[in-house]
Ligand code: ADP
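Read the single chain below, which is given as structure tokens and is the form predicted alone.
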Amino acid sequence: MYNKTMSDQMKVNILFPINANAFTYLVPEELQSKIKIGARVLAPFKRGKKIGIVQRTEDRGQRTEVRRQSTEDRRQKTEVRTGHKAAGTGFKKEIILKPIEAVLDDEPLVPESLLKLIEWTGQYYMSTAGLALKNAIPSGIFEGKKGGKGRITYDDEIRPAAIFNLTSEQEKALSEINKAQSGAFLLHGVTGSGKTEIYLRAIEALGDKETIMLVPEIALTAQIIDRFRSRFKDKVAFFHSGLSPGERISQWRKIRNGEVKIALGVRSAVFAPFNNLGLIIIDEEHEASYKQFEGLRYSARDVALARAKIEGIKIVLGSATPSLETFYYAKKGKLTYLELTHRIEQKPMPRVEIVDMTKEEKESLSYSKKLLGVLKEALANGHQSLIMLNRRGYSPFLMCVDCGYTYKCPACSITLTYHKDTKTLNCHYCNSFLEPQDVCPQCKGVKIKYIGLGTQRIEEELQALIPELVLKRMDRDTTRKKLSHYRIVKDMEEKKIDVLLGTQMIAKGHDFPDVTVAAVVFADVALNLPDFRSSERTFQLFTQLAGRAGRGDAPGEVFIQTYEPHHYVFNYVCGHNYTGFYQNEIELRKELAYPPFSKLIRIVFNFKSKDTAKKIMKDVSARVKKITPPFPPLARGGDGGVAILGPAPAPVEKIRNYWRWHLILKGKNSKSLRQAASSVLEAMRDIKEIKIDVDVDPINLL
């Protein structure tokens, strides 16, 4: 059967959900009529069998590149993408192609356009198409699982959809979106201006076409779910971290089989397998949670933009505080700019006051007398309040006041955070914990003090200061259980809570009409991180929190307690002045040639010991200096310039027992930047005892 020459036989490229690109296989004659791009096949793989997806086909007689691969080349790819070493050197003999064994689907399971997106994602993020496939398709699909019965239950009663009269600004924005067949839009609207209503009506106007709507994980709460259920009934599939593997498969198959028209979810929903997609919406497009920080380091926002371009459809990016890059590109005309400058029903924006904690009279370590008075007044008037401290736990660390000893994570170069409820010292990077001792491990002293503030501590203090308050805390510790976000938000909606206190989770995606007070207890936490985006994130976070207050009939007030009251960010937060902040910040970015005036690639080198790191990085540094790339330095100007910064120890030097150094590549031209990154990786490929991570378009440099 296989006596034909290899070039005369039909071949297919098969993509497996592993960290590799496609593999080429032969197709037996009896299976050739069944082969379709996007269908699953069973193929021999190593010593066993594996299920993969047909990525593309090559007809008989079509010229095929001989599969002659250098194991050195394989090793380079493996090192770059996973940090693992592959053994062997030199060229291997010609690989004999194997035939696939079975075709498992009569019709394509994965749309061809989605396969193109998967391939683009692997290439753009300097990873592999297989790893992108693994992120895009639930693992159970490759295991032949049919899905499980949903354990997530929402309220049985679906409330009727409220009818709103659109403002003139909303009508104009909606008209621009509806009349377009394709293209990208930035919907820039102040908090409470009715962006969600525009999303809903734009979806309704699509007719039979389908929609992907992405929201940050923390924003996928009772409110957005209920609004979509009331508007679109059972035509919505939900994707979030609370789904079991079986539920995820069930939701995925509903989308694939055309049983629903909308996929509402978090990052991975960008890969929803729709066949007739018409619109993608990215709510709170500035959110960092759209970026995946491990494995395939992709940004769902940017992948969504690529998908819209591949499929020729329209995409809407919405935010009250757009990322500087998005706003810059909108001003340059790369996105259509739509603006909502007023709240619904002309409700006023809340008044923002900066509380100078160096002068203000304090009732406790965490609370000024002024803030406590405002909280008591809100309680007396039957209103609710929000209090944010973007640091969970009870206290950032324990310190021996005799010798200065602090508990640090043995696996990460950070101090451990004390959690009073579990009486443990926890690492928020690797999730390890220790039980503190009554005496100092270093000097045997007994004067151990709690240093700093965490959400548990400010909760305890507030309950002691105003015992009659009904308090609820929302942070990662209180929302581990399934649907815990949903229940907390429900309690707020039903006014079972007087004060909702927590981390940045409370600042985003919520609409509580009875909240009249929003406060930041210790604003200085976010201001001074060693990252060029720290001011932008601070402005966005405080503006988003301020936007939760005064959305009902009563006006809102915002109080930001800080020991740095003259920081320039506060001036713009007080005036709800995004444009002013943008103009100030964009000049700093331009001066330093940071995004959007350049692109970045970050290469992180990981080592198992500090001594090994120092020794090898001397060699790495020498090799980097010897690189003679085909592009000019960034300092010379021009679009082809690239600057290589480092290598140097990462700001967080140790995580999960790996010592970390990093290298930042900065350039205006994406092609030149990738060439530079490839040159660096090529120079490192024979170095042992090193694990390399590549982060294209990093959103933090810690």
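Worth saying up front: this structure is predicted, and the values here are computed from it rather than measured. Sequential numbering from 1, following the sequence displayed.
As for the form predicted together with the named molecule, it is not shown, yet the points below apply to it.
Q: Spell it out for me: taking the named molecule in the predicted bound form, does every residue among 128, 679 and 682 have a heavy atom no farther than 4.5 Å from it?
A: Verified in the predicted bound form; spot residues all out of contact, no.
Q: Would you mind picking out the stretch of 330 to 338, 306 to 314, 163 to 171, 232 to 240 that comes within 4.5 angstroms of the named molecule in the predicted bound form, counting non-hydrogen atoms?
A: Result for this chain: 163 to 171.
Q: With a 4.5 Å heavy atom cut-off, would you call residue 322 a contact of the named molecule in the predicted bound form?
A: Contact with the named molecule, no.
Q: If we define contact as a non-hydrogen atom of the residue within 4.5 angstroms of the partner, is residue 108 a contact of the named molecule in the predicted bound form?
A: Outside the cut-off, so no.
Q: Just checking whether residue 103 would be counted as a contact of the named molecule in the predicted bound form - the rule being heavy atoms within 4.5 angstroms.
A: Contact check for residue 103: no, nothing within 4.5 Å of the named molecule in the predicted bound form.
Q: Would you please decide whether residue 196 lies within 4.5 angstroms of the named molecule in the predicted bound form, comparing each non-hydrogen atom pair?
A: Close contact exists here: in the predicted bound form, residue 196 approaches the named molecule to within 4.5 Å, heavy atoms only.
Q: Pick from 524, 345, 259, 204: which residue has any heavy atom within 4.5 angstroms of the named molecule in the predicted bound form?
A: Flagged contact: 345.
Q: 190, 374, 604, 483: which sits within 4.5 Å of the named molecule in the predicted bound form by any heavy atom?
A: So the residue touching the named molecule in the predicted bound form, by this definition, is 190.
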